[in-house]
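Coming up is one lone chain in structure tokens, specifically the form predicted on its own.
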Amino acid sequence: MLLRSMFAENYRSLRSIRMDLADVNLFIGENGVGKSNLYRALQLVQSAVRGRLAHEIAREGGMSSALWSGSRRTGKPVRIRFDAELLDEERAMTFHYRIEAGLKPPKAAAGFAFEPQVKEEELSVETGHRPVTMMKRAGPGIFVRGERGRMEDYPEQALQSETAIALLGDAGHYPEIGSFRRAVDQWRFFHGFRTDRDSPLRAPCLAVTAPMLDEDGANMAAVFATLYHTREDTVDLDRAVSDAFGGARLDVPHPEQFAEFSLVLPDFPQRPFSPRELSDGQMRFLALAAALLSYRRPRFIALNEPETSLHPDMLPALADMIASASRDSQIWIVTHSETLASAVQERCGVRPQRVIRKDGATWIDGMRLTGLMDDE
């Protein structure tokens, strides 16, 4: 499914913003303008689908930290709202999901003070006619479209910190809800990779076939082993490693109990370098290669400041990998680097969208309130 549009309201620096999305979405801007909040808003949609929205917002400091801190309308409760619209191109179906969360009312007994309280949720499906509501939630009560096409009370009420989309997806009786949930669950957000001495990137991993990279990169060696010994097609990976490291190549032995790899540099052809010997930048580039060139690419890949710790000479190779991945995946990139943005623009034909502050809120330069850019 293609993520066609997103909407976020009252979340951190996102007062109210809607964007139509393309196959490759490239955002650039200065520090502090809220680029990462756009990225994080989509990540929280996935957290809602996985039933972990309350947990993720609590990790940010709770609702008091996550709520828009600018001026508000008096007399109206402030709620965080996220919307995502996905297009299933094969079945010509559009899925629209909305979730709203707020604070616990002062006199309410249920729930903790600063955890998000889910107020409303809705999933609708459109197949060329008017949208059809598949699930609707108001407070703890859930209504769902049954086998006869009628909205019915779901027998179980949700806790205020739970999401209905997760409860119903686990039930297994609602195919449209299950399809939407599976699609969003497969998104991958690569916020950054640990490269310290104890990083999982530097350790062997269990030899289990790995079609795509875990978000922490812990199965990177297995991803490489899957490409080399299962798919037996490493043309893009070999080219990327050679371009980034001046003719270097990966050495990936056939795994037994554990999967491992090493890097062979042209100046030392008889001396493979293990992950523990490689620099932070080398490890980070290899993790990005595993994320973008895996056996089965995620339908949606988000990269937050992928240029971090990379030498500028590596950025053209990174842009090549992004272009390769965009053949199968929708890509979302947040970057500070004008060099990387230019390289991606050249290879993918997409213009960078500049993130700015407008009246104190995160905005896209040249974007209308409808989500379209001025030149569209």
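Predicted, not measured: the structure shown is a model, and the values here were computed from it. Residue numbers here begin at 1 and follow the sequence given.
Absent from the display: the form predicted together with a small molecule. The rest refers to it.
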**OP:** Answer yes if any heavy atom of Gly32 is within 4.5 Å of a heavy atom of the small molecule in the predicted complex; otherwise answer no.
**Re:** yes
**OP:** Determine whether any heavy atom of Arg12 comes within 4.5 Å of a heavy atom of the small molecule in the predicted complex, and answer yes or no.
**Re:** yes
**OP:** Classify Trp68 as contacting or not contacting the small molecule in the predicted complex by the rule of any non-hydrogen atom within 4.5 angstroms, answering yes or no.
**Re:** yes
Original post:
Does Asp88 reach the small molecule in the predicted complex, with heavy atoms at most 4.5 Å apart?
Top reply: no
**OP:** Would you mind picking out the stretch of 313 to 321, 44 to 52, 346 to 354, 24 to 32 that comes within 4.5 angstroms of the small molecule in the predicted complex, counting non-hydrogen atoms?
**Re:** 24 to 32
**OP:** Report the residue, out of Glu156, Asp238, Asp185, Glu305, that has at least one non-hydrogen atom within 4.5 angstroms of the small molecule in the predicted complex.
**Re:** Glu305
